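Next comes just one chain, in structure tokens: the form predicted on its own.
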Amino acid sequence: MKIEYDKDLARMNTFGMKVSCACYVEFSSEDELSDIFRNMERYGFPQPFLHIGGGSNLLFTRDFPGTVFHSAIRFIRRVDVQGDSGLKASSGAAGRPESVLVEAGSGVLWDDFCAWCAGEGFWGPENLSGIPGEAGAAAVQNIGAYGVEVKDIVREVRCFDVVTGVIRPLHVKDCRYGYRDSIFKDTAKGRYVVTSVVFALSSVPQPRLEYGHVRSAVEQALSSSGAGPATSSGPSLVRDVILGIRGSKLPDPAVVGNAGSFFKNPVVPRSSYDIVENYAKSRYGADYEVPHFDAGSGFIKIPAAWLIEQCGWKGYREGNVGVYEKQPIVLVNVTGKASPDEVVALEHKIVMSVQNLFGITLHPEVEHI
């Protein structure tokens, strides 16, 4: 166990906010985590408590007055049975496993997990390649990209229950996943600490290429390499294509501080979408089609990036902060010296401009601390 006081958190959040916490605790096993909560009075860690992953979906708005906990549980392994939950992989023809169960410690870097799976020939997380953060946080946030959400491959989330003091496996159905949401962010926020995640992957080809121009990018890569179809080329090729697409649109947090997609894509009733559509056609012509996705039950999902760009924010800079020139849904710490107040001020200006133009309120995907 690692314990540090007055910990500088600048390297613990990808936005690069220069903030600190009163105490920082890193645990490397479930036993250490259990010991912490069994002996909380003896340790005397200052409250409140905050559990973080790689800090890739956080905006620290000030110094944190309590204790930040971080998982250093790092392993990746295939499993046939997970604890007492009875999780077993299914078998196809001739006993060949189709659904492969893989468990990852909560402190494993998410992209390291994606790379490992692709290297093993396991399909499932390849579309989520390149997303910063850690495996535990991925399950909490229900990260998503290019037509896939992590809930699509999660089978079970293993957690420490701070109320009962025991390890509890939660089946994916119990996690109540929604768009960038889960029980860990809602009704059970603060109750569970994720220690590992069991993923249900596939050993047979299951490429997901429907989103945007992913299919055409994969076909182009196949044509250039002279390889066969994506199903025979393996998940590594799809992963490489996804990494290329992300790299062309999104800034590397190691180079420019950012927290990825800052805003959620709004899901609005059809009547609100009609207002947006009428605006777009009056500006760009009757044949213009607003990018959108059917969310079901009469609701439409509109890319927040498109709405923000229409308001003129793409490439905008103000002081130490700005809007990324290639992807307006990303706010950036341009100089590396941005203060939390500067980020929040820019956020509010963007929200108000979209509200004024379209009557749609954007909500942050990034958690404010």
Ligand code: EPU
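The structure presented is a predicted model; accordingly, all values stated were derived computationally and were not measured. Don't overthink the numbering: it's just position in the shown sequence, from 1.
Omitted from view is the form predicted together with this ligand, to which the following refers.
Student: Given a 4.5 Å cut-off on heavy atoms, tell me which of 160-168, 141-149, 194-202, 217-225 is the interface stretch with this ligand in the model of the complex.
Tutor: Going by heavy atoms within 4.5 Å, the stretch is 141-149.
Student: Even though the partner isn't displayed, in the model of the complex is Gln327 close enough to this ligand, meaning a heavy atom within 4.5 Å?
Tutor: Output for Gln327 is yes: heavy atoms within 4.5 Å of this ligand.
Student: Taking 4.5 angstroms as the cut-off for heavy atoms, does Glu26 touch this ligand in the model of the complex?
Tutor: So Glu26 does not count as contacting this ligand.
Student: Test of understanding: in the model of the complex, would Lys264 fall inside 4.5 Å of this ligand by heavy atoms?
Tutor: Contact check for Lys264: yes, within 4.5 Å of this ligand in the model of the complex.
Student: Can you tell me whether Phe69 touches this ligand? I mean in the model of the complex, with a 4.5 angstroms heavy atom cut-off.
Tutor: No, Phe69 sits far enough from this ligand in the model of the complex that none of its heavy atoms falls within 4.5 Å.
Student: Could you spot which one of Gly257, Gly107, Gly260, Gly124 gets a heavy atom to within 4.5 Å of this ligand in the model of the complex?
Tutor: Of the listed residues, the single hit is Gly260.
Student: So which of Val172, Cys114, Leu101, Leu250 reaches within 4.5 angstroms of this ligand in the model of the complex, heavy atom to heavy atom?
Tutor: Of the candidates Val172, Cys114, Leu101, Leu250, Leu250 is the one lying within 4.5 Å of this ligand in the model of the complex.
Student: Could you run down 160-191 and flag each residue that has a heavy atom within 4.5 Å of this ligand in the model of the complex?
Tutor: Residues within 4.5 Å: Tyr179, Arg180.
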